[in-house]
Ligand code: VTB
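Take a look at this single chain in structure tokens; it is the form predicted alone.
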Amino acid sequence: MASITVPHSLMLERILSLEIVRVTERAAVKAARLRGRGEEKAADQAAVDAMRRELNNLPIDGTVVIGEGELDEAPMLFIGEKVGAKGGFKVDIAVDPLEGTTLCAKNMPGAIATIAMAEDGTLLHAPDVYMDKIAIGPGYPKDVVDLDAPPGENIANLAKAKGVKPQDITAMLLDRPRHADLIAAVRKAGASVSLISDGDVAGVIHTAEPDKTGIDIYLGIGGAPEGVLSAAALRCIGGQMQCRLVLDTEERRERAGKMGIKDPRKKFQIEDMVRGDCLFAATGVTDGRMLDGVKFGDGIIETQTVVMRSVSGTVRWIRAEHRRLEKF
């Protein structure tokens, strides 16, 4: 029998609908078993182990481009690691098996397990440094906000595009001392501020559905790897995002250069970070504004996952009941 070649786009759709959800579900459940126990490293390792096992069951030849760290920093899902079943098609993979380790350890809202997958060579290889970000959801004119514009100008332009007053805009930022001036400027512009202690990816994703989350814009400095994951999600639903790496030492500039980043001051558009067809999935570990956390019942485990695809703009919300508990 002759073999059938499946186009990448169709294969990505199959992974989207059938496979990628299992990867984040397994990681979320394993992490959730350690919620509230104060064991950040243990919860993160449990999620990493589960995610790696599931990735190795997928029909892909995957390369981790955003992961748990460099080879000498992370035993699994390190940058450059190969995952997937033998003979699969080539993809780039960005993972954060447990975003919000502190949130999980303290059983606080917003911890998620997340992954992005794209065609080979299309995800930005970002070093593990800080990244300055601005992000909004879909439905706005192009460049309605700009990373280099003053916060007050961005708030005013976004409010105008949305047809509301600046007082009706809510900005989400990480609660960090470095954001004191930014927070003051946002409030001076009339907007509200919603602070989060952790969860950079989840924070950006909140802008995707402002009617549900109450968040219109994400601002501030967070992790660069998380920026790539966030960009994948927003690309799928037509959101906007601009970022710049914070390369404030020679060592960081050299690291970025080795990963192919020639201009240390480059302002990355969302298309620079995720160039091809991509998938994004996230499963709640603890309850949050967008995703419910894992629920352990009598013989049943419940999970909630959001799955997105850029080419089709499809967003699927999957609430699953798992009854074969030995799988988890």
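In this text, residue numbers run from 1 along the sequence as written. Computed from a predicted structure; not experimentally measured.
In what follows, reference is made to the form predicted together with this ligand, a form of this protein that is not presented.
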*Using a 4.5 Å heavy atom cut-off, indicate which stretch of 82-90, 157-165, 250-258, 173-181 touches this ligand in the predicted bound form.*
173-181
_Within 4.5 Å, heavy atoms only, which of P210, P109, P127, G223 is in contact with this ligand in the predicted bound form?_
G223
*Is there a heavy atom of D132 no more than 4.5 Å from a heavy atom of this ligand in the predicted bound form?*
no
*Within a 4.5 Å heavy atom cut-off, is G199 in contact with this ligand in the predicted bound form?*
yes
*Within a 4.5 Å heavy atom cut-off, is G100 in contact with this ligand in the predicted bound form?*
yes
